[in-house]
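One chain is shown next in structure tokens, namely the form predicted alone.
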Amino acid sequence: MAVTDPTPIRGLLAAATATLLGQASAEDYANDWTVNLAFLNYYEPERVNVRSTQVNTSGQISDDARIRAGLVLDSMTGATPSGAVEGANVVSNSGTSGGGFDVDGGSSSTSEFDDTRLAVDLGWEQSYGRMVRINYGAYASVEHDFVALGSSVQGDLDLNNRNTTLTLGLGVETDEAGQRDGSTPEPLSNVDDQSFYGQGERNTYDALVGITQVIDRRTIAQIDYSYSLSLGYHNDPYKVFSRADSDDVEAERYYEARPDSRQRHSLFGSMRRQRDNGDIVGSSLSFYGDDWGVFGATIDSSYRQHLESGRGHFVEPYGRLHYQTAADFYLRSLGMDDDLPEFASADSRLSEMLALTLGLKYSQPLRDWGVLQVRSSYYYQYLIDAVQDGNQAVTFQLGFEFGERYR
């Protein structure tokens, strides 16, 4: 087929799919397909660099069915905090790339890594009448040292002349984690002992209930509650903590140990309102808590200003403020005379922290083609009682969505 053939390949795909399903109106569905391409660069100065390529497509294949598919390829390089203080010992360990590293002196609190992640996401939305929709989903994510497989089902029920939607969702995920050779270190073992087990496994079960309510013709609100239970291996196989004196002179280094179960609760509420001039104001508030002692609160806010009449041309500044407490077993380091606790981790992600994100999103329609979107954000993280004081990151994303609906 010549590249100038006016029949789009996505139209042929929709027609073929509809034929298989015994539908006669394939041409009607061909116009509903969209494809979204996005390129993202995440950069932490002197630490982590992530380059991500994402492809997503979705479309109607019958009067009551819609499918979607997504592909993500990430390339990750840099150095991440190991949990250790800046010790004077020469330390040999296995880096997150699995290639290993040797650290001498002042740079021992971080470990270099490089990895690649491939993720696939598939979904099917089926309508049963006008009021009920069921979304079925499945995904897989593969790295050199981590594999996740999951599935989900979510039902939406419209009530009150479709001004109210009730949502119920369930999900399950199974993970395999370890260092690149498949091994996991013995929890609380001395790094010098090099004592390892086999690969770690974990199962996670998720549930969500929610309600979305149209308040008036310009305002919509949403409240969700979610519960998650994970059982199995929760350690990060690369994270360690130090036994050190008050001057951070390291004497020994141990692998971390976390509980083998975790229950999480989260409550999310949001509201969006369209102003008379078409601009949209949005805000959300969420709370998180788990049985590890971590409690978090996050507030988001955004303002979408339309730059001219027409769909898709806008600029949207947004901000997010997040605070969380430390896990019960989090420690910066272990004292020289302290006994080893039952659980211990110096992972800064489990420390008390305050984080701020400021960003800007811009969307520009492209005549007869689609929409071009650019998003950039700055992230600042302040860590309390951690080896590192905090972190900064800059994210830049370029996206392009096209489909028959834009022609």
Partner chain sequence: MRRVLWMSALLMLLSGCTAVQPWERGTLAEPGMELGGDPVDGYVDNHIYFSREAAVGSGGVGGGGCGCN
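All values reported here derive from a predicted model rather than from experimental measurement. Numbering follows the first chain given and starts at 1.
Only in words, not in the display: the form predicted together with its partner chain, which the text now covers.
Annotation: in the model of the complex, residues Leu170, Glu173 and Arg375 each come within 4.5 Å of its partner chain through at least one heavy atom.
Using a 4.5 Å cutoff between non-hydrogen atoms, Ser246 does not count as a contact of its partner chain in the model of the complex.
The closest non-hydrogen atom of Asn203 lies beyond 4.5 Å of its partner chain in the model of the complex.
Taking non-hydrogen atoms only, Phe329 never approaches its partner chain to within 4.5 angstroms in the model of the complex. Mapping the unseen interface onto this chain, Asn277 falls outside it, with no heavy atom inside 4.5 Å of its partner chain in the model of the complex.
Between the options Phe196, Phe268, Trp124, Tyr303, the residue in contact with its partner chain in the model of the complex by a heavy atom within 4.5 angstroms is Phe268. Only one of Asn190, Ser183, Ser230, Gln154 comes within 4.5 Å of its partner chain in the model of the complex through a heavy atom, and that residue is Gln154. With contact defined as any non-hydrogen atom lying within 4.5 angstroms of its partner chain in the model of the complex, the contacting residues in 160-189 are Asn160, Asn161, Arg162, Asn163, Thr164, Gly169, Leu170, Gly171, Glu173, given in sequence order.
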